[in-house]
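Read the single chain below, which is given as structure tokens and is the form predicted alone.
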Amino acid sequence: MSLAIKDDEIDVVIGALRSDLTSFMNEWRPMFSRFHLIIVKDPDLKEELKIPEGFNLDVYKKPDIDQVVGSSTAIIFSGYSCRYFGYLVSRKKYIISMDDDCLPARDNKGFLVDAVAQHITNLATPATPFFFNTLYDPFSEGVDFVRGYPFSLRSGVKCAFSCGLWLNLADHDAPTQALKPGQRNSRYVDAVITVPVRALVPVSGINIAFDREVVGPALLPALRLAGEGKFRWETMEDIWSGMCVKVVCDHLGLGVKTGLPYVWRNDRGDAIASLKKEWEGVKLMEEVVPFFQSVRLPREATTAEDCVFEVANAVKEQLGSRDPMFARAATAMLDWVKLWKSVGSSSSSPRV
């Protein structure tokens, strides 16, 4: 069983944290030129964007964001969070999201990796979250189910989320990166796995793809650290978002895959300088993980919007009194659901 995904069903979303995208866009031209692109400029970026010609794209800037968000102060799209605005205004079924500090990687044979094509493959083939296959993704080429795998589970379930990996700069937290500044990820593992049901995973929004119509509302800008900066080490937002989407997928019986595709990630940021900003988030994780591990959603929650609403209320009730950041996150999640429904009810993408 597989799902045919057409090019015109896909938006590629790029959050622009730097002004000159010329090299980035040209490196990705062979993969991106077939698709419609949504580029969201970080609202704090003052310089004009430099984008080469030859792409089918829409660019969203601060006035566009202000017009859509209106008076809400709970949802902030600055820094890496600008990508979420692209998810919001897209009108396509599927989204592939790529950060502007990533370039196409090469596999173990030196061939250029088509990350877009691999993400599409991950989403187009079933996931197997209810019983682990020791040969990894049984729907990959040259792989099958192993002996003892229940035949009743071999049809799998819909894969709604694909989390790719990256070479060079690994996604360490600031303490680890500060202790091992020279460590790089050079291992290209040619495998895809389904994350088991009830297992959480530290998702990073660097290189992901998902079914926007099914789980889009669960990818949200919510948890903001005090004094959060512009570098990935300083943000917990996509970690929070990833745990939220995994809980939603588990509840709705959907699958999450990780592994291929790889991208090449360039260095960015000063880990030592980020330590002070990120330490609060490191401590918060000791409360966040047990919460998401224990949260259970009611049977009546049948859509991603329903699920986010229930998770937000649980955050407010169980975590809100422990730290004001949690209370703000719950408010942002509820505002996000309202915004998602409001923007989704319009007939076209909102523009100024």
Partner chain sequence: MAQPATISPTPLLKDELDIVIPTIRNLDFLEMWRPFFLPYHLIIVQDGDPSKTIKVPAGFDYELYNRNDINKILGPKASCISFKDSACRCFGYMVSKKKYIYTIDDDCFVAKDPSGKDINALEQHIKNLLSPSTPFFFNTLYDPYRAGADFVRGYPFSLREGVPTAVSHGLWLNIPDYDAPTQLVKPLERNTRYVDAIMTITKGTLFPMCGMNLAFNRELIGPAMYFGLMGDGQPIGRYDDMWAGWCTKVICDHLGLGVKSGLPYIWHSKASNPFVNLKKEYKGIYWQEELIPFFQSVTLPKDCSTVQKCYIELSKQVKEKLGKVDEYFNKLADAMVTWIEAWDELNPTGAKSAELFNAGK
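None of these values were measured; they are calculated from a predicted model. Positions refer to the first chain, counted from 1.
Omitted from view is the form predicted in complex with its partner chain, to which the following refers.
Across the proposed site, 40, 45 and 78 without exception lack any heavy atom within 4.5 Å of its partner chain in the predicted bound form. Of the heavy atoms in residue 199, some are within 4.5 Å of its partner chain in the predicted bound form. Remark: residue 92 does not count among the residues lining its partner chain in the predicted bound form, judged by a heavy atom distance of 4.5 Å or less.
Put simply, residue 155 is far from its partner chain in the predicted bound form: not one heavy atom of it is within 4.5 Å.
Looking at residue 150, you'd find a heavy atom of it within 4.5 angstroms of its partner chain in the predicted bound form. Heavy atoms within 4.5 Å of its partner chain in the predicted bound form map, among the stretches 81-89, 126-134, 215-223, 247-255, onto 126-134 alone. Contact annotation: of the candidates 107, 114, 101, 171, the single residue with a non-hydrogen atom within 4.5 angstroms of its partner chain in the predicted bound form is 171. Residues 165, 166, 170, 171, 172, 173, 175, 176, 180 of 160-181 are found to place at least one heavy atom within 4.5 Å of its partner chain in the predicted bound form.
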